[in-house]
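This document starts with one chain, in the form predicted alone, laid out as structure tokens.
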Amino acid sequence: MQFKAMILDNAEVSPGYWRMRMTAPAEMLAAKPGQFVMVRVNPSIDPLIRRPFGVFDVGMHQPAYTGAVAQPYLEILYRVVGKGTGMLSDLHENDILDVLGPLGSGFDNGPAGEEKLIVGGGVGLAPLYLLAKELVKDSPVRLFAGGRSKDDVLCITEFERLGVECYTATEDGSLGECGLVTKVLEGRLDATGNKGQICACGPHGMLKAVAAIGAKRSVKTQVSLEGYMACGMGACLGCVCQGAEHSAENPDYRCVCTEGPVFEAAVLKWEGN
């Protein structure tokens, strides 16, 4: 679905990280946790290619003025890393964006009542908020959030308001435990006898470590991949990754934008990647 969205708010929530709320069609309220949107950040041809952003949240926005009608909204969480996201951070309330979505496949919520362990690093927390919002309806949820410093650990208060138990770790020790968030995850799995289900999104190195932890402990693990993509619909093949059975003789490629971005960790090839 392609639609025009009016920006309702665009604020820096941590140095270099921004949270944007925009209007959306009512159909966006059905977006699944883990799905994404493709945003054209400028109506001109520079930059030409849309940017992909995970759906952080959807809901109904109630304007502050009397008698206003509530309207559906979409939120994204993004980091300024280049020209496109830099232009996005310069936009203001009432500016218009061209959006395509929701796209891709989302997370499988798993059995009700089963403990859910969600793991995020930096802007990888973006699709995990909507996931937590759904999971807390029928399951205990724990968030493991990590980053290089406290500036990379985002929106913890929002997760806590949902009733999520939050654990943090930073490489410089500025917030939570000092070290990698995967160590904190392993500690929780040790305490529960490897019970629960893992859902993760973040840097490739973190996802590779989480996948290895899940495989070693026989814990179901889902990962949401970040991929370079131009279309979001499987046409450009710019976002393909290798499946578990991939070899030079028997190629096994998975398209992140259509088959993912959420995959069972076991169906992907991690060694050598």
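Counting begins at 1, following the sequence as shown. On a predicted model such as this, the values are computed, not experimentally measured, just so you know.
Keep in mind the form predicted together with a small molecule is missing from the figure; the text below concerns it.
- When the small molecule is considered in the model of the complex, only one residue from C199, L185, L74, V123 comes within 4.5 Å through any heavy atom, namely V123.
- With the partner omitted from this view, the residue of K195, K83, K137, R161 that lies near the small molecule in the model of the complex is K83 [heavy atom within 4.5 Å].
- Per the 4.5 Å heavy atom criterion, the small molecule in the model of the complex is contacted by stretch 228-236, the sole one of 243-251, 58-66, 228-236, 212-220.
- Among heavy atoms of F107, none comes within 4.5 Å of the small molecule in the model of the complex.
- The small molecule in the model of the complex comes within 4.5 Å of a heavy atom belonging to G54.
- Proximity of K133 to the small molecule in the model of the complex: non-hydrogen atoms within 4.5 Å are absent; the residue sits far from the partner.
- Of the heavy atoms in R79, some are within 4.5 Å of the small molecule in the model of the complex.
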